[in-house]
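In the block that follows, a single chain appears as structure tokens, in the form predicted on its own.
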């Protein structure tokens, strides 16, 4: 068998075969690297994990494509082929979305027909699915980062293992900020598809014309600007899970195509009559009332029936009273470690305010409040004045914290310390706006009177988590 320079395998069968389609069926990231430590070929799972596709990394040094911590801590690939020995390391990478992902990296030499090393085979396994707490007692209140011990969450935790092991479609419902995205990923990571890709698509983020191509792919020449074949998210999720968030925003014509896929598991890219059988589990999520949308003829009833095979509902935080103290402690531990601060906890008045508040933004809002407080606390305990002003001044009522100022009104902040720099003040403004917007960046940008891109750029500069 001979591997040609263009990824052609000859000698294995009567006719030469393309290597790329074979690699795409492997559920872990794979990269072929030449003797100069430059990337020659990657598979679909590699793109899903890192964000970089074949065309983007072709010819790049492997350390620039993978962006792995181990690359800067003694990678043996850079030392050359002659002294290289196979190795496996647990490390982490930073993908194109700036997420830190734990991985297991394995590198082995590629040999030619004479048994001489000519390059490297690199596999990258996503280790997030094996990073769960090993203590069974801990699992009673935590699973994949979802924390809770209320009766509602306990019931959910008991259902998840059985649901994860099936391939049935899942519909996750719940208000904004309840953790639907996290729940979908937990289902994937605890399923038999855990080693396969987890691909997320926001159905409300793109116009219909672009969304169809993004989901189902297109063939070269299918429309103006289609200069090459595009696989689409269904094909990228082959062997894994496709998560469609905001499914209520999916246009009616695409609802028909989704229903067709759920029935026969075949996708047809735009401009192509040749179908592709995609082995994909579909999980959907929405904060909308889909039954009401069916009555208004904005959502297909047959699709709702098809998606509603398994339905999981995440209750709002105001109905999970027993979980709030646990979540406060969980987020406090998370952010004190992240920001390298020594904070004992919340003062009695501050904690009382957190326990009485109704959290219209749910778990996301509580997380943002704790992050805000840890950022600006300079004492051993977080005091009332370290909490966002809207939280401190709002009366405790069913609508507490539901502050909806007119766009462009600008954020209200607590009086600044005279030692604060402009950077400190700007960061405080951004976090205050995000908190009052319930984590919605578009709304926060309106409050600040900025464009979304300006807000995103300043968040990145100040190190504010998304």
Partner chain sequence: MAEKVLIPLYENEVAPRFDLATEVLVVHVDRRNDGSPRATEKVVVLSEASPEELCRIIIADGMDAVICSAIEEEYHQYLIWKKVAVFDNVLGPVDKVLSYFLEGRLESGTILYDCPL
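Residue numbers count along the first chain shown, from 1. It should be emphasised that the depicted structure is a prediction, and the values quoted were computed from it without experimental measurement.
The form predicted in complex with the partner chain exists for this protein as well; it is not shown, and the discussion that follows is about that form.
Novice: Does every residue of 192, 196 and 262 put a non-hydrogen atom within 4.5 angstroms of the partner chain in the predicted complex?
Specialist: No, none of 192, 196 and 262 comes within 4.5 Å of the partner chain in the predicted complex.
Novice: Only one of these stretches, 91-99, 251-259, 159-167, 287-295, has heavy atoms within 4.5 Å of the partner chain in the predicted complex; which one is it?
Specialist: Among the listed stretches, the partner-contacting one is 91-99.
Novice: Against the partner chain in the predicted complex, would residue 68 count as a contact residue? Criterion: heavy atoms within 4.5 Å.
Specialist: Taking the distances in the predicted complex, the answer for residue 68 is yes, it comes within 4.5 Å of the partner chain.
Novice: Just checking whether residue 341 would be counted as a contact of the partner chain in the predicted complex - the rule being heavy atoms within 4.5 angstroms.
Specialist: No.
Novice: With a cut-off of 4.5 Å between heavy atoms, is residue 40 one of the residues that contacts the partner chain in the predicted complex?
Specialist: Output for residue 40 is yes: heavy atoms within 4.5 Å of the partner chain.
Novice: Mark residue 56 yes when one of its heavy atoms lies within 4.5 Å of a heavy atom of the partner chain in the predicted complex, and no otherwise.
Specialist: The answer is yes: residue 56 has a heavy atom within 4.5 Å of the partner chain.
Novice: Of the residues 209, 352, 112, 72, which one places a heavy atom within 4.5 Å of the partner chain in the predicted complex?
Specialist: Spelling it out, the residue with a heavy atom inside the cut-off is 72.
Novice: If you check 35, 27, 61, 439 against the partner chain in the predicted complex, which one has a heavy atom within 4.5 Å?
Specialist: Only one listed residue qualifies here, and that residue is 61.
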